[in-house]
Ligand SMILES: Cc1ncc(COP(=O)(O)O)c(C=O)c1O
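First, one chain by itself in structure tokens, the form predicted on its own.
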């Protein structure tokens, strides 16, 4: 038993929750003069003024009170329109719940579904908070992994299917993926939905990077293959596409009949997303197509700056992705990515995320967020070249 549990009487589950290796690196490098921080999943462009103005105007109008736990009807109606024009899928309002961030949507889903010792098959490498939210609810994570080859990242669905047991409650997938940029093909999405339906288990699909793709207007959604009563939850967020990471607002599409259950969970957690933030979200959905297009162009430029260099370095294995805004690359001889990231901070003054943070299959890799300015990325790559090319 840990010292914190003995001294403070804390929950054993919470006390034993591991600190992510991304946090460890950030703490190690935070505040260093001139450091280029490319470890977190956000760029350096603030939220556009028209979105901020919508929130400000809402506050000035007095829209500062509690809201409906599933979200404002006006926002949910706007999300229905957005889903229709983005994916060609028609939703009903009672299949939408607005949440305080995409992470909160995932947490609510796990709280709603998991009993102690239930298993969740997590397709990784994936954002480390996914593992934590399963463990926090006393579930058990089992794994299936995408693999990197010369042709790109790919997933053997048979590995996913084989990981499912009679204790499996859900499968979790993130597409387009963090940290790899992998995009699940539509035929695999269809097969996964059909498998979950056949096995009567839940499928949770994190699609927060749905609009940050470079080979099509938008990534295919699980919603394209799921029926309204399927046990499918699709999580999304305003953070990435509309440059609203600090606003903390997401949404989830879920089967009919569970909105009231989610409303109860929202009530005892945050009591709902502030009205003025939801009003800003409405404006983002209505007027944000240019913002998304500009961000996509910026990220594609950043991707090409980074990969034009990585692909020239003999000690690096890297696949240029078509989604999200990360480079996830392997460096020869790196067996402890956390230690290596600290070394890169000391020598190069560049902050990257260690692959070890992203679960089985991540060790030996490094993650770099390229949603940044060309000038900053070029400086970072110049600095990294001095160390990585020694190997």
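Here the structure is a predicted model, which is why all the values come from computation and not from measurement. Positions refer to the first chain, counted from 1.
The form predicted in complex with the named molecule exists for this protein as well; it is not shown, and the discussion that follows is about that form.
Item to check | Heavy atom of residue 97 within 4.5 Å of the named molecule in the predicted bound form | outcome: Contact with the named molecule, no.
Next on the checklist: Since only the chain is shown here, I'm wondering whether residue 102 would be in contact with the named molecule in the predicted bound form (any heavy atom pair within 4.5 Å).
Outcome noted: Yes, residue 102 is a contact residue.
Next on the checklist: Quick check on residue 248: any heavy atom within 4.5 Å of the named molecule in the predicted bound form?
Outcome noted: The answer is yes: residue 248 has a heavy atom within 4.5 Å of the named molecule.
Checklist entry - Taking 4.5 angstroms as the cut-off for heavy atoms, does residue 180 touch the named molecule in the predicted bound form? => result Output for residue 180 is no: heavy atoms all beyond 4.5 Å of the named molecule.
Next on the checklist: By the heavy atom within 4.5 Å rule, which residue out of 365, 39, 326, 340 makes contact with the named molecule in the predicted bound form?
Outcome noted: The residue from 365, 39, 326, 340 that makes the contact is 326.
Next on the checklist: Within 4.5 Å, heavy atoms only, which of 277, 106, 266, 284 is in contact with the named molecule in the predicted bound form?
Outcome noted: Checked against the cut-off, the match is 106.
Checklist entry - Which one of these stretches, 155-163, 207-215, 109-117, 284-292, sits within 4.5 Å of the named molecule in the predicted bound form when only heavy atoms are counted? => result That would be 207-215.
Checklist entry - Judged by heavy atom distances of 4.5 Å or less, which residues of 218-241 approach the named molecule in the predicted bound form? => result 237, 239, 240, in sequence order.
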